[in-house]
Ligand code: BDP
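Below you'll find only one chain, the form predicted on its own, shown as structure tokens.
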């Protein structure tokens, strides 16, 4: 009897030792929660879902991903907070709200910082873009890991009238993201900036709380904003890349091998999202024209560049070195 008890205890001890020697995430399947305010089918969402499929295959089902799209877990500010505490593991987010957590990111929100989308892509693909990702990861108390970039094209003003010059925005209430820089930029462009969550914008346009907004073509189309503001003026006042982030709290629980794998797959997602983005812009533009949307191409962009010069001077001063590096990219 005593011998059987001894053998049983010895077996239990060996089992416990084996468990302690095995990394936590290797013991059973772990599902990573990913979030985005954009709907299912949106390029950014599709690219992250693709990352999840590759991750599950590479780890033989040990690491999986579940996407919560369409803002079901909250607006971007709320999603950032959830990611910081580890309730969300992977987040695609705009640089706009992230600047309240990592101030250096605000440099990317400056109006007319990038010459064109190609200039922005050279930034995110190169060493200066990696430097910014490292700043996000290494900023004290950010509690976030910068994985990769995603495209969001240029942001343009849409309303019920054409906007060709700053005077055309006079008296119009235009929704912008919740960042003082965006508020000041829109006011400098001639409008009356109104900050509100993205999810509230459709009803605000419908009821006249705001007269217009500013965003890219896919967002304008996917959110049905064209049904209540059918003139899209190509001001291209900002070309702001978006970010793919990982919760630091969850990141530190991963093995070095899993971290390297996720970084690799995130970079692949960056390039895949770009292809999806370009295709979606072309398709959505054609659909919008079919639905009667007017695209205004003869915008006096130089007038808006001149009008927003004080904003670049005010907000760009703390990030002068980063701005010089970006502007030097050919």
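Positions refer to the first chain, counted from 1. Predicted model only: the values in this text are computed from it and were never measured.
Another form exists, predicted together with the ligand; not displayed. Remarks below refer to it.
Asks: Using a 4.5 Å heavy atom cut-off, which residue among 168, 76, 106, 211 comes into contact with the ligand in the model of the complex?
Replies: The residue from 168, 76, 106, 211 that makes the contact is 76.
Asks: Among 99, 94, 247, 233, which has at least one heavy atom within 4.5 Å of the ligand in the model of the complex?
Replies: Checking each option against the ligand in the model of the complex, the one that comes within 4.5 Å is 94.
Asks: Using the partner position in the model of the complex, report whether residue 155 sits within 4.5 Å of the ligand, counting heavy atoms only.
Replies: Yes, residue 155 sits close enough to the ligand in the model of the complex that at least one of its heavy atoms falls within 4.5 Å.
Asks: State yes or no: in the model of the complex, is some non-hydrogen atom of residue 38 no more than 4.5 angstroms from a non-hydrogen atom of the ligand?
Replies: Yes, residue 38 sits close enough to the ligand in the model of the complex that at least one of its heavy atoms falls within 4.5 Å.
Asks: With a 4.5 Å heavy atom cut-off, would you call residue 198 a contact of the ligand in the model of the complex?
Replies: Looking in the model of the complex, residue contacts with the ligand include residue 198, since a heavy atom lies within 4.5 Å.
Asks: Please determine whether residue 177 contacts the ligand in the model of the complex, using a 4.5 Å cut-off between heavy atoms.
Replies: Contact check for residue 177: yes, within 4.5 Å of the ligand in the model of the complex.
Asks: Looking at the ligand in the model of the complex, do all three of 81, 84 and 139 come within 4.5 Å of it through at least one heavy atom?
Replies: No, none of the three is in contact.
Asks: Tell me, please, which stretch of 160-168, 254-262, 86-94, 124-132 lies within 4.5 angstroms of the ligand in the model of the complex when heavy atoms are compared?
Replies: Every other range fails; the passing one is 86-94.
Asks: Is any part of 205-231 within 4.5 angstroms of the ligand in the model of the complex by a non-hydrogen atom, and which residues would that be?
Replies: Going through 205-231 in order - heavy atoms within 4.5 Å of the ligand in the model of the complex - the hits are 215, 216, 219.
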